[in-house]
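Just the one chain here, the form predicted alone, laid out as structure tokens.
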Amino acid sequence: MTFVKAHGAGNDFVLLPDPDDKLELTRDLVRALCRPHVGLGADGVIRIAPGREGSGADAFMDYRNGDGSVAEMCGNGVRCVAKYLVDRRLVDGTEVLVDTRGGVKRVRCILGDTGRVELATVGMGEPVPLKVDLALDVEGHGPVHVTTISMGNPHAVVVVDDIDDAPVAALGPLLQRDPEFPEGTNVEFLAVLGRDLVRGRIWERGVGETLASGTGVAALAAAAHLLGLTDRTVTVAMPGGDLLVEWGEDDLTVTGPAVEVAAGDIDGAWLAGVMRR
């Protein structure tokens, strides 16, 4: 089994090319691959398969969180998939259509001096505001005000004064499991530095805190604008790097890096041991 290790602004993935659409991503396999020290270590696993029938896409991004659960969409992951396809000339040109459980996403790749993809812009679709400034009674934290948004997956955004002191590890999992979100939610913490600059941290459903998240920064930027705190174009500074979010009339785009770290083959004996579990 071949793999590629890639990341977008520190949000890292194991990519598994599956051109014949035969690989089964079991929960045990995903968890084993994502485990640090004894696996490859990653926030999630992406199986790159042919586009599903009728999608018109160049590939299907079958994304799983590090705990093995299925995710609808990943904005950083979809840029890494596009880079994989463009760098290997598996598509014509630098524009890619990637089929996801959150819909088909158009990715425009930007080549560097080496001729390989360095940056990519993905159309995330129109944010769907659900509840703005909703007060939730969270045990041990009192009323917590969140703005909930769907980016094809669920998000709850909390505005804080100091992003470095934000209670991500304490409050993130409590909000993720709050009764308001029966299927769980991603939780974002937002500090506004200006009309065109914010800082964020993310507690990702099924993963924990991550260095970045494409859908997460989209939700952060959308919430900040809905609350009247920023304009429609904003740089979101994440622990893993900066991403540019532009909310137009009928789409929201995220531009950021796509980086490949390594490629190789998974050891057969290790893989057989995982499959026997």
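Note that the structure is a prediction, hence the values are computed from the model and not measured. In this text, the rigid core denotes the largest set of C-alpha atoms whose superposition between the two forms falls within 1.5 Å. Position 1 is the first residue in the sequence shown; the rest follow in order.
Another form, the form predicted in complex with a further copy of the same chain, is not on view; read the next lines as being about it.
Is the gap between residue 39 and a further copy of the same chain in the predicted bound form 4.5 Å or less for some heavy atom pair? Flag for residue 39 set to yes.
Does any part of residue 62 reach within 4.5 Å of a further copy of the same chain in the predicted bound form? Heavy atoms only, please. No, residue 62 sits far enough from a further copy of the same chain in the predicted bound form that none of its heavy atoms falls within 4.5 Å.
When the contact criterion is heavy atoms within 4.5 Å, does residue 58 count as touching a further copy of the same chain in the predicted bound form? Output for residue 58 is no: heavy atoms all beyond 4.5 Å of a further copy of the same chain.
Indicate whether residue 237 is a 4.5 Å heavy atom neighbour of a further copy of the same chain in the predicted bound form. Although a further copy of the same chain is absent here, residue 237 would stay clear of it in the predicted bound form, with no heavy atoms inside 4.5 Å.
Only one of 101, 108, 195, 116 gets a heavy atom within 4.5 Å of a further copy of the same chain in the predicted bound form. Which one? It is 116 that has a heavy atom within 4.5 Å of the partner.
Non-hydrogen atoms within 4.5 angstroms of a further copy of the same chain in the predicted bound form: do 175, 226 and 252 all have one? No, the whole trio is out of contact, none within 4.5 Å by any heavy atom.
Counting only non-hydrogen atoms, choose the one of 40 to 48, 213 to 221, 64 to 72, 229 to 237 that falls within 4.5 Å of a further copy of the same chain in the predicted bound form. Result of the contact check: 40 to 48.
Scan 247 to 277 and write down, in order along the chain, each residue with a heavy atom lying within 4.5 Å of a further copy of the same chain in the predicted bound form. Residues within 4.5 Å: 259, 260, 261, 262, 263, 264, 265, 266, 267, 269, 270.
Large Cα shift (2 Å or above) at residue 208 between this form and the one not shown, core-fitted: The answer is yes, as the C-alpha of residue 208 shifts between this form and the one not shown by 2 Å or more after core alignment.
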